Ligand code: C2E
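Just one chain follows, in the form predicted on its own, and it is written as structure tokens.
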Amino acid sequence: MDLQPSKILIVDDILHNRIALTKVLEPLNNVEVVEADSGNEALKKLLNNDFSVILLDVNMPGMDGYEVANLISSSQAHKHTPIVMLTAHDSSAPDVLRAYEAGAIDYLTKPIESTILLNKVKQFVKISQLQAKTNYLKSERESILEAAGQGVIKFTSEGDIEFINKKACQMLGSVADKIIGSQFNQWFSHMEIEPDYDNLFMFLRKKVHKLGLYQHQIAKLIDINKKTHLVELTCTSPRSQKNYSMIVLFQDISARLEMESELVHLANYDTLTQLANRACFHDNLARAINRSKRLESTVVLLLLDLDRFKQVNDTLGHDVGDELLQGVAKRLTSMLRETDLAARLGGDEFAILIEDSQSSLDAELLAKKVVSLISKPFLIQDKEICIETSIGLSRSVAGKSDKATLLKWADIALYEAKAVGRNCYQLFVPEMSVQAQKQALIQSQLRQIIEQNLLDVHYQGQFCLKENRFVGFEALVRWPKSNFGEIPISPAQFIPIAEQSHLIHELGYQVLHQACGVLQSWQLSTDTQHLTLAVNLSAKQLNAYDFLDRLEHVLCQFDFPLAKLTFELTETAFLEDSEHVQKCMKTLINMGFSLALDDFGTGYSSLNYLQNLPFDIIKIDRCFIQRLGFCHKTTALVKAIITIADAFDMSVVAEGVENQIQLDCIASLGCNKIQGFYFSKPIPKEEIASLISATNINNKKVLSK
């Protein structure tokens, strides 16, 4: 233990005397010297300090040393403080006697031998520190005993109570004065009658002596009101002699059992939903598979994931999200048998474990009911909240599939359920595993491609009919042709995988980096200075918290007019977090970029986005362009889109124009900007200059005619 410094008070009206005494005491460790220049000042110092020793000068103006010593020794708080009287005058026997009568314990005449004074003070300091340590340990022991969560009683060798702490008094229902002296067996008894040990105290005493220092015993405590409590006794003895005392610690087991029960519950159940947690679920799944081996029964696993739960959390708040999770949990348990198990695996992931399933049809029927029940609106805080769920199912017959396999299959099926449109279920079939392995390979290769910065970017031209030239290009990412398979992977395959694995962030920034390099190079030639370049932004990118920071990091490496760069977004970018997305979009507009709404007309709320979000360009999806010339309804719809764009002062780009019929139709409807194979396939950046030159030459030929 670290003791506080011992304080020494030097009282002398002459400054250099105080300095000299302080110098003498310098060799002492862990001391603090306090000075006073008069008796009154010394008494003031005593009000807020305890001193190991006081060195008190006899001759001082005003109150002399004898008076000061008398006042100190008369006070209750400081009557035991050692006082050493110091004087510069020859002392007589009456002077020394007077000093002792005043309360001094020593009397020294100046000049004082330094070694003598130092050793005297050193002893007083040592005594003071030992006393402080003793007091601390005593206080600490008493505090521990009184603060202990258990009752503590010390018994004599005959079983009489010698000491009892407050906790024990509370449990016995009486005060220490009435309990001390009473017998152990008055308060404690065996749980069951044991003829050989009708005296519980003697039984425990012999047990401690024979078997060891600590012994435990379950017993009944009968308090002062004759109420019985189940307690656990821990008995120990400080000595091994024949007549030794015994210390007993005890506590109410009912409180401990309740706590243990709570801990078991916390370890196995989710605190929010009260469903089984991940650890408990995995334990139960392993046991269910083992039982199915013995009984040759079927185990069915359902993995559930709430669709777009993040949107609820972020827009309505986590308290609403928590209540929604609780509501989902209640609906799940309401449709299960007692033998079934529902669990929350974390976040918005749930699982259902079914044993003794008769057929896959039963499991699919349950999954269908779950999808239907979850899709019904929840009433939370006076709001109707709608949520959907995707479910993956897997089965293990007679324990042939282990836990890891069953979980993997259900996860693959869940992925398929999300891929086909969410709010549905999918039962695992082996073909899914083949597809999952293929996707895993693509994901692994894509990660390597991104890490090695090997992504290819091709550029497809946007031709303006009015200007009769290319006015812009769109950057389109492509799988590299070498080192990663003979046949390149289609963007339709690897981009969704990048979205699922979060590789989309690095993929997007690599495409943007290459596109910015092309834009910068275009500023060096008058033939290309007018060109704009469009880059696609995924929903994941736009919703990332650091999107704008990373965008700025890329842009600071290049020099080109920001108005030449267009960001294309699809409707999915706005479904997760509209507030954050709107903020990002407004920032992009303020920075000078253009924004294009891609695949317009394919979403259910595109018109709403046009009204509320700052788009500059609408891109008509290729699915409409391909039906032009064959479907009157499509022609009317495209015309309406162009009219809407004009009303909102937006330009229009028609995507996927591949033949003369489509070109003539879209031109007749008033759209001037065309993108598609008719004018240009996606080409490497090295071929852009040739495409522009060829267009310019053709234009000159037309003009010369």
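No experiment lies behind these values; they were computed from the predicted model shown. Numbers follow the displayed sequence, beginning with 1.
Quick note: we don't show the form predicted together with the ligand, though the next part is all about it.
*Asks:* Among 299-307, 155-163, 363-371, 591-599, which stretch sits within 4.5 Å of the ligand in the predicted bound form, heavy atoms only?
*Replies:* So the stretch in question is 591-599.
*Asks:* Which listed residue (T87, T532, Q445, Q541) meets the criterion of a heavy atom within 4.5 Å of the ligand in the predicted bound form?
*Replies:* Filtering the options by heavy-atom distance leaves Q541.
*Asks:* The ligand isn't shown here, but in the predicted bound form which of Q326, Q439, Q426, Q460 has a heavy atom within 4.5 Å of it?
*Replies:* Among Q326, Q439, Q426, Q460, a heavy atom within 4.5 Å of the ligand in the predicted bound form occurs only for Q460.
*Asks:* So in the predicted bound form, is the ligand close enough to P491 to count as touching (4.5 Å, heavy atoms)?
*Replies:* Residue-level check for P491: yes, a contact with the ligand.
*Asks:* Can any non-hydrogen atom of I666 be found within 4.5 angstroms of the ligand in the predicted bound form?
*Replies:* Contact with the ligand, no.
*Asks:* With the cut-off set at 4.5 Å between non-hydrogen atoms, does V657 touch the ligand in the predicted bound form?
*Replies:* Because a heavy atom of V657 falls inside 4.5 Å of the ligand in the predicted bound form, the answer is yes.
*Asks:* Report yes if any heavy atom of L507 sits within 4.5 Å of a heavy atom of the ligand in the predicted bound form; otherwise report no.
*Replies:* Output for L507 is yes: heavy atoms within 4.5 Å of the ligand.
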